[in-house]
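Only one chain is included here, represented as structure tokens and corresponding to the form predicted on its own.
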Amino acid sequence: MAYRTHHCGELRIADQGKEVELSGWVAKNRDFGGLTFIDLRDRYGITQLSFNDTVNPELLNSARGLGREFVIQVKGIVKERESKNKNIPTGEIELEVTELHVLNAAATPPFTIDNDTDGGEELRMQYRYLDIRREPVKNKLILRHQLAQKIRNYLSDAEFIEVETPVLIKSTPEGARDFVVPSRMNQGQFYALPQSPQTFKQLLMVAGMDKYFQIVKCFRDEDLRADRQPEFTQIDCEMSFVERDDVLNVFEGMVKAILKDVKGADLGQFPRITYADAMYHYGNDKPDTRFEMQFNYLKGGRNGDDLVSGQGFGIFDSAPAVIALNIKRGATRTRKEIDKLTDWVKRPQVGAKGLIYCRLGAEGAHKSSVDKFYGQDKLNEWAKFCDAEEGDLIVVISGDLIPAQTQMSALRLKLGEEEGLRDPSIFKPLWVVDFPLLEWDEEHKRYHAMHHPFTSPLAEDMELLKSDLSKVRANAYDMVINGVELGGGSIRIHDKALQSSMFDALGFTSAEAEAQFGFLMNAFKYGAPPHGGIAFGFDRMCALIGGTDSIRDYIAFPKNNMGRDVMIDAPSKVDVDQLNELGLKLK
């Protein structure tokens, strides 16, 4: 190549004596009088350059004037280093420079471009092109690239065809808010950016494409957090002539192969758990099963047990559900630490009214926060029911069933974190199946599709569509790893009459269904095969495999928590003439 014969992570002791050319950025400049060392960085690594006044005094003076992030080209001889650096692959050699060319001077960067930077997140996002030079961010983008290639290879080998679907589509009322795009040629009408390619991949099945995939950009105008961005990437997949197990087997195989290849993890067979069991045992439809700590229902459980009522403690007497967790060896927690947990669950984000505890000593020597109401015999019953023993700590939340489950789920995850039970190097997968097909919207007094309106009910629940919509289960499934919903999908409705019944259940009039989804219903008239699919959150997959919670570092140019790109200052106002062309007027 014109500017280099090697890259900065390539040279080894076997290259000693070679004359080479390198190009890159000045990472560090260390001046020792008659000797100057420069760390030269590119995407591949770092090579130490040496400048000596006995070799070339003018070159040494030029090297001393190089600032951080100057772009330079050098020629020199590969030498063995006297002081070797075992922390980098090129640490046994250095380049004794014989020629130096400054390709571009650089201003002093606003933060240190190093693994341990002094730049805050917002500042680094503003100068993202500099942040990407840092090894932690660069390596995350490289991991993303590697995963994308492995996914494409796996699915291509399995005879899937990658098809691009439109980005300017029709807005639909289901799901999250759409980003809308005004049409200049059809004023007063709008495109929407796709929340997913759902209807298009179903149309591809009608078209006979059989096995489709796409690594595709999707858009949702919703509130943000660490694992959400307004634009994100899905691995979108669909298959024809399949039942649920066919889909699960293919994509379980894909994820197992990727994790084996990238992390050396052997996941084995993925367990399956129903949505009802996930909520009952973990209070969560994406349970983290790296640790046990399942719920114990002192009251309100499936078996009708009640170990708390009738003892004069009104809070438990009036509560429909009383749920306990056993923290193994947790009795060493001080009262101050337990009070901190109590304050934590009482925060608005969790919403519990309080936290009861029972510290287990030897039998007959238990200590609880409700000793006034529950004697040692009762506390022994709690301990036996929760499979707790001396040295354990039982914590209890009460209230209405669903809120209590949700609150205890949040506490369970916090305790798992505090107890060191959520090791990111361990991967515990499972499938969650048999979700409710519909969920009731109390505000609008109607049902919404829990996934989307094209999800098929389970065959054994079809009759319930006519009698009790609340009990209909979906032929849907989520892949969960370490408490992260990695992907979700379903077997689709492929029968026009059943799809019409689904629209009826969702409260669509015939005219509304035709206006929104007439194109799909029309396609079904021409022979839609049985089909199903799944979509994975690719950004989440990258973060999970990379061992972090936030997806931002795996996206080259992410948005902040307000949905802004602070680097290019978007969104921004547009010229009035542009608005006029679109037929839009500002109020």
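Note that the coordinates shown come from a computational prediction; the quantities given were computed from them, not determined experimentally. One rule holds for the numbers: they count along the sequence shown, beginning at 1.
The same protein has a further form, the form predicted together with another copy of the chain, not shown here; the description that follows concerns it.
- Taking non-hydrogen atoms only, P571 approaches another copy of the chain to within 4.5 angstroms in the predicted bound form.
- Another copy of the chain is not drawn, but in the predicted bound form it has a heavy atom within 4.5 Å of G563.
- Contact check for F241: a non-hydrogen atom falls within 4.5 Å of another copy of the chain in the predicted bound form.
- Interface membership of Y44, defined by any non-hydrogen atom within 4.5 Å of another copy of the chain in the predicted bound form, is confirmed.
- Shown without its partner, this chain lists A523, L35, V55, A27 as candidates; in the predicted bound form, only A523 has a non-hydrogen atom within 4.5 angstroms of another copy of the chain.
- E162 is the sole member of D343, E162, D377, D245 with a non-hydrogen atom lying within 4.5 angstroms of another copy of the chain in the predicted bound form.
- Of the candidate stretches 319 to 327, 185 to 193, 303 to 311, 450 to 458, only 185 to 193 has residues with heavy atoms within 4.5 Å of another copy of the chain in the predicted bound form.
- The three residues E121, F373 and L486 each lack any heavy atom within 4.5 Å of another copy of the chain in the predicted bound form.
- Looking at 80 to 109, the residues that come within 4.5 Å of another copy of the chain in the predicted bound form, counting any heavy atom, are L103, N104, A105, A106, A107, T108, P109.
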